[in-house]
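Below, in structure tokens: the form predicted on its own, a single chain.
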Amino acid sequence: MTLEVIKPGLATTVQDLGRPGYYHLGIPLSGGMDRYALRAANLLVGNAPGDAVLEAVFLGPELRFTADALIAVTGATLPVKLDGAAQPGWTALAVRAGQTLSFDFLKAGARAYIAIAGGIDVPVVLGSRSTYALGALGGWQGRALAAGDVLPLGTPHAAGREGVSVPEALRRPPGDPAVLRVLPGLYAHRLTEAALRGFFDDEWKVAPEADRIGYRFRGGRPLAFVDRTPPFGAGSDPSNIVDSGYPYGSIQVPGGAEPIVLHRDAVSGGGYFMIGAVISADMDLIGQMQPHQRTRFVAVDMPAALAARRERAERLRALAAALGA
């Protein structure tokens, strides 16, 4: 069974839950920017949570099915259509051979996840089917989809149930303003106390330069640094450091001007200081944030970060239970 790409959308790629274990070699995790929505789409169609899906950004693709299938679209509010007829999101939908899946204009969020029973059956590269486009690795030929591509589909694991839907209470939009919890540290001591307070007091907005590598924010006050003599190899700008590893979610601020939160395709190290890191429980929210989205960063401590991780795990359990997975 195959899937024909009539129109590719803006930046539609094959993604799963990523390829951990290679970041120290400069190969990032990749995978879905919104891992919760990706899991939900898979569970709706009877797939394993980490099976490969399509991640569509801002503008959905147009796809033709060559055989009957069960599909689900989750994540962003990107209105779903089958042969031009409107269909619900976050719901398992039956598609007949020859039908075309398309999308209306984006209404909320940024990334939609299209799961098909059996998953997208592209080759596994370093343990994952995810696309890392910057390295031309994985996915479909290491790139975003293009018109004329024909994607192979796997054999369904289990019989999905048409019409099953994710309850509204288990869908988590970013909010307005979006609130991103941050564990301060790393190189936060490089800022003056007033600048660090200002970072958390100010309201920021997502800049147009926001992608799978990192999300840039602007609108807050520039950050002031504690005076120092730069160590050998750090560079003359006060935001420079001797090169260090970059954790996922870490917040670097080149020149002290515009924070950048590193995401799924982030580089693994470099020479910019980091204020801290967005906690793992809030990383999915970033994947659904559009340019100009109002944002507040909120400082939390380690117990609060661990509690949020437990809450996220409980939400995943509730999702699986609600879908009978």
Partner chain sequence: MSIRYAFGGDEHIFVEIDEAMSLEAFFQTLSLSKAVRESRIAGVSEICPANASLQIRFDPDRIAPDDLLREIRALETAAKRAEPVLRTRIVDIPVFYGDPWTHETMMRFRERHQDPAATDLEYAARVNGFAGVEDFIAAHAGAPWFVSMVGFVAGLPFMYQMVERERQLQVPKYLRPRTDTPKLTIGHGGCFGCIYSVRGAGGYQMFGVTPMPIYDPQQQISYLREFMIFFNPGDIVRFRPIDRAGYDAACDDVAAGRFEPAIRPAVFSLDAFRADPIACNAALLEAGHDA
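Residue numbers count along the first chain shown, from 1. Remember, it's a predicted structure, so these values are computed and weren't measured experimentally.
As for the form predicted together with the partner chain, it is not shown, yet the points below apply to it.
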{"query": "Listed residue (Val57, Ile260, Leu70, Ile279) with a non-hydrogen atom within 4.5 angstroms of the partner chain in the predicted complex", "finding": "Ile279"}
{"query": "Candidate from Ala144, Leu93, Leu137, Leu106 lying within 4.5 Å of the partner chain in the predicted complex - any heavy atom", "finding": "Leu137"}
{"query": "Listed range touching the partner chain, judged in the predicted complex by heavy atoms within 4.5 Å, from 243-251, 80-88, 112-120, 165-173", "finding": "243-251"}
{"query": "Whether Gly21, Leu25 and His189 all lie within 4.5 angstroms of the partner chain in the predicted complex by heavy atom", "finding": "yes"}
{"query": "Heavy atom of Ala305 within 4.5 Å of the partner chain in the predicted complex", "finding": "yes"}
{"query": "4.5 Å heavy atom contact, Leu153 and the partner chain in the predicted complex", "finding": "no"}
{"query": "Pro291, heavy atom within 4.5 angstroms of the partner chain in the predicted complex", "finding": "no"}
{"query": "Any non-hydrogen atom of Val267 within 4.5 angstroms of the partner chain in the predicted complex", "finding": "yes"}
